[in-house]
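Listed next as structure tokens is one chain, alone, in the form predicted on its own.
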Amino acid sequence: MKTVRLADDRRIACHPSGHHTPGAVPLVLLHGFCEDSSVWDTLLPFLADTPVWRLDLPGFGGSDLPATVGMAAYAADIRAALDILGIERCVLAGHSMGGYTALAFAKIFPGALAGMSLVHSHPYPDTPERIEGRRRGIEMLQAGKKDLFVAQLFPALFAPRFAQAHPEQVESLVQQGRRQSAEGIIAALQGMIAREEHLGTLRNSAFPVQFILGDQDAIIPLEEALAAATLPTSADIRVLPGVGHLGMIEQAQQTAWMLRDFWQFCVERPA
């Protein structure tokens, strides 16, 4: 792990892996809500020939809390960290909330992207029902019930058959969530409530956009995600059959190969 310090002395944890060469455009992976960069560990054996950086979002893993709430604040911190690492352009892949961050990054810093992959993510704002659920979650966390919140969160993210067959994977993710601070989780919930729509970001993208979707994802409805996938000029649409919200765990090899192929397409594409 490498820790970079931002201008305000906050730390962002960055984890390199794979094969890096000077000047290479890396694949940068952003984890989702209540996770940290270790959620991508299952992919690393299949990305050994790819220059990869996994970053902990502010308030998660080894990264300090965000200075302000919001996906744009996350994106600004990620850009600052990449600048410190000497990375001018990358292929940015985000899982779920990491995808919301990637979309904010794409709107603010489009020239820094050779491509963007939305892994079980979408450009739509929260529905009123989802906002109410997040507010109840904030209340639970403020009441000191972080472990209960996390225990209720993760089982429903997997496809039911996978969750039944692999309870150890569900428990591993629950334990990962329990390692996160209540303050970081609350800031993330507040940021997701306030996030903006990014349909225009996709329409205006000058870089390829990949969509990795699960046909049993209870969080990201397949029909909505497929509708969003029609917006970019260049789109790579991949649907994982029998997979819920966590393709990097439920179908690690296939997800890794999809990301690697997309990264290769983006870096070989004429600028």
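Treat the numbers as computed from the prediction; the structure is a model and nothing was measured. Position 1 is the first residue in the sequence shown; the rest follow in order.
Here the subject shifts to the form predicted together with D-malate (MLT), a form of this protein not shown in this document.
- Site annotation in the predicted bound form: the residue of I87, M140, M192, A182 reaching within 4.5 Å of D-malate (MLT) with a heavy atom is M192.
- Checked against D-malate (MLT) in the predicted bound form, the residues R178, R130, R79, K145 give one hit for a heavy atom within 4.5 Å, which is R130.
- From the list 162 to 170, 71 to 79, 109 to 117, 95 to 103, the contact stretch for D-malate (MLT) in the predicted bound form under a 4.5 Å heavy atom rule is 95 to 103.
- D-malate (MLT) is not shown here, and in the predicted bound form it never comes within 4.5 Å of any heavy atom of W53.
- Taking non-hydrogen atoms only, I219 approaches D-malate (MLT) to within 4.5 angstroms in the predicted bound form.
- Shown alone here, F33 lies within 4.5 Å of D-malate (MLT) in the predicted bound form, counting heavy atoms only.
- Contacts to D-malate (MLT) in the predicted bound form (heavy atom within 4.5 Å) from stretch 237 to 258: H245 only.
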